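Next up: a single chain in structure tokens, the form predicted on its own.
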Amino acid sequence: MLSGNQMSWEYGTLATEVYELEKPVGHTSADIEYYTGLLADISGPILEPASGTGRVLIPLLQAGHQVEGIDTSPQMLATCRQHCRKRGLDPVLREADMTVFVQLAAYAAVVLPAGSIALLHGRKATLQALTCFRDSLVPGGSLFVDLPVPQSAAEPEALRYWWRDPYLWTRQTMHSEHDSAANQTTRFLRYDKWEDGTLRITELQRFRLQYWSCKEFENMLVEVGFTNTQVTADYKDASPPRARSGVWTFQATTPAFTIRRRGAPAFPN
């Protein structure tokens, strides 16, 4: 018997539970170690937009950083708070949208691991978010953001499942599409939660990713006033960005006094 049915365009209850099973706190693909190194010399407050369940935020707190998080999903934030309480942590966590949230000159760094900025739809929303980050940073503050490498199509995904007695969670792609004009992929993901062979709750999520070339994203950073742009690939300082990379990490700063335009690095299209 179906006891619940939810249509969610973000991270609802089941999407949050599956995210937690798939990527628990501390789960890393080298990004946590890389960001810990990047932030080693940052002594002021740090903001993580799209902080989710605390996968990255909590390790950074445990490393001694003062990190605040925002997210649009109340379910993700509730899970993050539970994890923090279990570890004796009490960070500032807010339900807020990265395209409008601003704390003027409040943070020494803003970090967006895991390609979360790709969840924003289109250039306007991305520019709005970057402007908010700029305004929230102190002069000379640092922005670190992961960007997923553009894909030519939305790859199909096989049914996945996770078991934690007495429940079984499944996720399957109901539909996938690629908009080449907008450079976006969209997947409709169905999450099901089962108990003793009975479906208890289901949830549908539209999961859309916005892709940018390195040059496009660097141009947006410059447009809103960031300087000293650098980019590396796959969490390796010596690895330049390439089309076959898995993820690009951008680093940029706000001007200490006046905006100075440096020469643009050579990026792949």
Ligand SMILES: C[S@@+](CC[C@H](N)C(=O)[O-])C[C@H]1O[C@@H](n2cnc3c(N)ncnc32)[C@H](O)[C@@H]1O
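We number the residues from 1 along the sequence you see. The structure presented is a predicted model; accordingly, all values stated were derived computationally and were not measured.
Beyond the structure shown, there is the form predicted in complex with the named molecule, which is absent from this document and is the topic of what follows.
Undergrad: Within 4.5 Å of the named molecule in the predicted complex, counting heavy atoms only, one of 163 to 171, 113 to 121, 195 to 203, 178 to 186 shows up; tell me which.
TA: Result of the contact check: 113 to 121.
Undergrad: Since exactly one of Gln103, Gln82, Thr72, Gln128 fits, which has a heavy atom within 4.5 Å of the named molecule in the predicted complex?
TA: Flagged contact: Thr72.
Undergrad: Does the 4.5 Å heavy atom contact test between Met98 and the named molecule in the predicted complex come out positive?
TA: Yes.
Undergrad: Examine Cys214 and determine whether its closest non-hydrogen atom to the named molecule in the predicted complex is within 4.5 angstroms.
TA: No.
Undergrad: Evaluate Phe250 for contact with the named molecule in the predicted complex, applying a 4.5 angstroms cut-off between non-hydrogen atoms, and reply yes or no.
TA: Contact with the named molecule, no.
Undergrad: With heavy atoms only and a cut-off of 4.5 Å, decide whether Met76 touches the named molecule in the predicted complex.
TA: Yes, Met76 sits close enough to the named molecule in the predicted complex that at least one of its heavy atoms falls within 4.5 Å.
Undergrad: Though the partner is not shown here, which residues of 47 to 69 have a heavy atom within 4.5 Å of the named molecule in the predicted complex?
TA: Glu48, Ala50, Ser51, Gly52, Arg55, Val56, in sequence order.
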